[in-house]
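Okay, here we've got a single chain as structure tokens, the form predicted on its own, with questions on binding and movement later.
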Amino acid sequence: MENRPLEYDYTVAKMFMLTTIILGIVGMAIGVFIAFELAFPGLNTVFGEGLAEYTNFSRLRPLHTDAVAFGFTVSGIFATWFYVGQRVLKVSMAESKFLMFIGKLQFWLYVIGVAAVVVSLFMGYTTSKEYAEFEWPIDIAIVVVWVLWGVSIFGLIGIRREKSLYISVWYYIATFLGVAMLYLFNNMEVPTMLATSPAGEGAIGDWMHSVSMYAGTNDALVQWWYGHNAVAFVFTVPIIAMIYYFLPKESGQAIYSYKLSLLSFWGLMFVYLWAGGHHLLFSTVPDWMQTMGSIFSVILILPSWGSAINMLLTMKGEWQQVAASPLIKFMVLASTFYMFSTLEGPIQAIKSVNAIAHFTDWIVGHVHDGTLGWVGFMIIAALYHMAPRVFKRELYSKSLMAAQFWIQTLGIVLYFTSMWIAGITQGMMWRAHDEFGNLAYSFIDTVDVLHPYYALRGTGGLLYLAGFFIFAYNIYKTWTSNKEVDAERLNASPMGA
């Protein structure tokens, strides 16, 4: 009995895999639509003047960012945890009715929370804080969902058979603790439910509305301490957790350096938290704090590249697998985009560069080469690896996977190159002046010049979305396939997990 392989229970993992794909489609589709709205403003009223309030760029943009960050990405984090956690800790969810209940409760409350976010943002209820637009009732629901995930993490760790904690578990724990701290502090707010409408009658907007506990510069400081570290603990730390498990599993190669993985872990923990000030350069924030944000951003290259190099060196001596396996292509290029994005960000945080880059589309390009290339590709790779093992079916089509890879890669390249050119063009035009010291260009001049790049950006996004539809179809066909998988072959691994 002791040597019998564990039967892992992937019920909750499958549930979150589904939301990852659905919310990915929703978030990316909205992103493509609003990208084309910027290129072709007539699209803001394409559904008629009556619906323009709900379909214009400003109303849809937070739906796009939140659906991708807290829908697609967080669902992917949950899905991979409920898969990876069981396997590296050598324990099945089925062994604890309590943990199974908590996992399912977390999923359904999460779905309800997502629905509440979509409805409230469509209706215009927002705190107007980047990545923290949700009003206080939804914030409370999110905290409950997050606490339930923490119970699942530490509950599985508590009943584990594997004594040592694999490095991926460290990163998942850091994700839980980091987001919990950031979300609680940044979203401290006071509901204005006692307020009334101008007519003296209560209105639904009154009880939904709140005001931040911080004001002015302090509010900005806390917001961007949270905002940049939301990137750290949603778009970076858990994605590293994924690649440290899935790349060795898929390639059959042990991680190049376990010590380097730990060194990079603690480097990220100590350095990332203090880099958010680079969002507030040339503002009313104290100058020493702006400088600290720039310095820590540059230092951040070290732990970031430490992780990325560790990932790439894991493939040392086995680079032929990159040519042979579309799945490994996704992970290797994800690591490359991670290196690229974590060099680009610190460069933009240098004050002299930021003077040109800030408020331009170069920032947008930076965010998306990281999100689409690093986060998107890694979650896609993780779900591709999981699918045959979770559904116990052969992957439907490697050819479709390969086609998806090239279509989405082309989309990313079109996206970030168009935004680089647009952003640097904006920065230079805004600073240009004539011999009398007057601005050489009006704002509308820059808008006119950037039109082709906006159209190219929308095209790049459309290609990425098309690739994601291929991904969704491939996973669906795998799920419903009649070809049962060879479990012994799939589970063979030098890690034994």
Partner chain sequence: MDLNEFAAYGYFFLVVFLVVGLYSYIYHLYKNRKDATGVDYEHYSNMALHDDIDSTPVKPVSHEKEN
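Positions refer to the first chain, counted from 1. These numbers were taken from a predicted model, which means no experiment stands behind them.
What follows is about the form predicted together with its partner chain, which we do not show.
This chain is drawn without its partner chain; in the predicted complex, the residue among Thr336, Thr417, Gln253, Ser397 with a heavy atom within 4.5 Å of it is Gln253. This chain is displayed alone, yet in the predicted complex one of Lys392, Lys90, Lys104, Lys351 has a heavy atom within 4.5 Å of its partner chain; that residue is Lys90. The partner is not drawn, yet in the predicted complex one stretch among 374 to 382, 328 to 336, 157 to 165, 342 to 350 has residues with heavy atoms inside 4.5 Å of its partner chain: 157 to 165. Contact check for Ser257: a heavy atom falls within 4.5 Å of its partner chain in the predicted complex. In the predicted complex, at least one heavy atom of Leu263 sits within 4.5 Å of a heavy atom of its partner chain. Its partner chain is not drawn, but in the predicted complex it has no heavy atom within 4.5 Å of Gly227. Contact annotation: Met292 falls within 4.5 Å of its partner chain in the predicted complex, judged by heavy atom distances. For the three marked residues, Glu95, Trp170 and Pro248, a heavy atom of each sits within 4.5 Å of its partner chain in the predicted complex.
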